[in-house]
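We begin with a single chain expressed as structure tokens, specifically the form predicted alone.
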Amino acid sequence: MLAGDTEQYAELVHRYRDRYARFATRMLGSVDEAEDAVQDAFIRAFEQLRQCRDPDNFAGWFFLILRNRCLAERRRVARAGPGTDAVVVLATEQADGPLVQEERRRALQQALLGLTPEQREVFVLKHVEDLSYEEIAGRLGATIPSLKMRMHRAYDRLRERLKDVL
């Protein structure tokens, strides 16, 4: 059992940290906020290890802790009102040209920030983490049709926001 074994837990942190940092960054729109969320989630997970019913599925259990932390942070920021623009990091695989690519990246960042947390979550899990709808449904406890509807709405919203850029 992992509870209390800091060396084994440190190995899990090392294994999953980057993956979940990417998820949190895309959910929160800020590298700094994502770093805080991931660190907080790992601390919470360590404190609650005894509640992990399936140690072989630590990644799924931890994902739910991080997801809840990200959603709580989004609610907190929404209540606080608009502040400074967040710096979002999105991986870009191919470049048309540096200026065009940068313009598209910024437009996509802003468009993603305009999605609801639920839409952004499904979009990130599907297109960034490359999970199937079945895997997403298992992680979120949602039905596949409801996930597809969220994705459809996310596509519509992104298409509307990006129509002049892409």
Partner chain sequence: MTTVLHPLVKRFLDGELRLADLPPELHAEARAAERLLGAVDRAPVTLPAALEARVMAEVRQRVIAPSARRWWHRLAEPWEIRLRLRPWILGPALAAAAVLVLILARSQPPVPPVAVAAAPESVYVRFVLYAPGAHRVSVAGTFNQWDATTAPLAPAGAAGVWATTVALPVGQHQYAFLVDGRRWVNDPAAPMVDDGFGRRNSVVAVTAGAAGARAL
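The term rigid core refers to the most C-alpha atoms you can superpose between the two forms while keeping them within 1.5 Å. Positions refer to the first chain, counted from 1. Keep in mind that what you see is a predicted model, and the values were worked out from it rather than measured.
Omitted here: the form predicted in complex with the partner chain. The next part is about that form.
The three marked residues, Val13, Val38 and Tyr133, each reach the partner chain in the predicted complex, with a heavy atom inside 4.5 Å. When contacts are judged by a 4.5 Å heavy atom cut-off, Glu47 counts as touching the partner chain in the predicted complex. The shortest heavy atom separation between Met151 and the partner chain in the predicted complex is within 4.5 Å.
In the predicted complex, Ala59 stays away from the partner chain, with no heavy atom inside 4.5 Å. Though the partner is left out of this view, Val128 does reach within 4.5 Å of the partner chain in the predicted complex, counting heavy atoms only.
Of the stretches 135 to 143, 23 to 31, 51 to 59, 113 to 121, only 23 to 31 has residues with a heavy atom within 4.5 Å of the partner chain in the predicted complex. Residues of 141 to 160 lying near the partner chain in the predicted complex, listed in sequence order, are Lys148, Met151, His152, Tyr155, Asp156, Leu158, Arg159, Glu160, the criterion being any heavy atom within 4.5 Å. When two forms of a protein are overlaid on their rigid core, residues whose CA moves 2 Å or more are considered shifted, and Val13 is one of them between the shown form and the other one.
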